[in-house]
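In structure tokens, the next block holds one chain alone, the form predicted on its own.
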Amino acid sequence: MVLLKAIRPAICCSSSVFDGGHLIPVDKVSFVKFPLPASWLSMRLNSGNNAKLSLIQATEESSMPITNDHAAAISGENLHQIAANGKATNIVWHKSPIGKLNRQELLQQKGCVIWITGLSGSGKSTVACALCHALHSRGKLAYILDGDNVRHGLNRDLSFKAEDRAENIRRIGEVAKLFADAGIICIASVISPYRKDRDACRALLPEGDFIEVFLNVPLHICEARDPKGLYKLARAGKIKGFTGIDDPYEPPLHCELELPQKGNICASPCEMAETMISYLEEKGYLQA
């Protein structure tokens, strides 16, 4: 048979320790020590299909230093913070001992969201890839949330109706917020046609951490490119609610960067990426 030794889990506590089942305050960081019962469960696995349990002597293996920030995890001080958020009830935010500043120091960069918006065919995905490559070559960590890619998984249950488009952008905004909090430069390349939805994503992040980039390419040029053949289908009535054809695109009013088409001359994706890199350098995002 195989005998698995029971190891006491490390549990965090800061301003108090356990003694005989009671919390005893302490002045500084201390170690949690739990008196264990004389015996503990381990699993004995035999050659049959059933697992049987037997008692073995437990060993006291671990103790962990904790700071005052985490005393509430054991003392119950966070119980009054139980809240409801949307349809989620009885939830409590659990604070991590490692924060955004720690992660940024590790990565030597600042987390932010670069939100590239524009019509289908304006070049959002191409520019996003050029920017990601330019950042990678500088030793900076970035990740692309591409509108079509996200619909392959996270948002595959959403259609292109107005309410589903709003939910699509909300989810992408929440994921982008997590990437930024991790210290990563998140590049979201999505049509995001409605101004209020983009503004709602901006509101998720601290001031300055949402960088809206408007790829201002006119409809007739995007339609002439038509890389996916979608404009042709929309004109034929085979796609309903297509942005720019029978559904509106609301251009940004106060974006951080606008990359316009100048007549028939369009900057290359690499040139646009360098424009965004310059902005990030100027605002201090490429250093901790």
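Computed from a predicted model, the values in this text were never measured in an experiment. Numbering starts at 1 and follows the sequence shown.
Missing here is the form predicted in complex with a small molecule; even so, the following discussion is about that form.
Heavy atoms within 4.5 Å of the small molecule in the model of the complex belong, among the stretches 136-144, 167-175, 203-211, 91-99, to residues of 167-175. None of the heavy atoms of Cys186 is located within 4.5 Å of the small molecule in the model of the complex.
Proximity of Asp148 to the small molecule in the model of the complex falls within the 4.5 Å heavy atom cutoff.
In the model of the complex, the small molecule sits within 4.5 Å of a heavy atom of Gly241. Among heavy atoms of Ser125, some come within 4.5 Å of the small molecule in the model of the complex.
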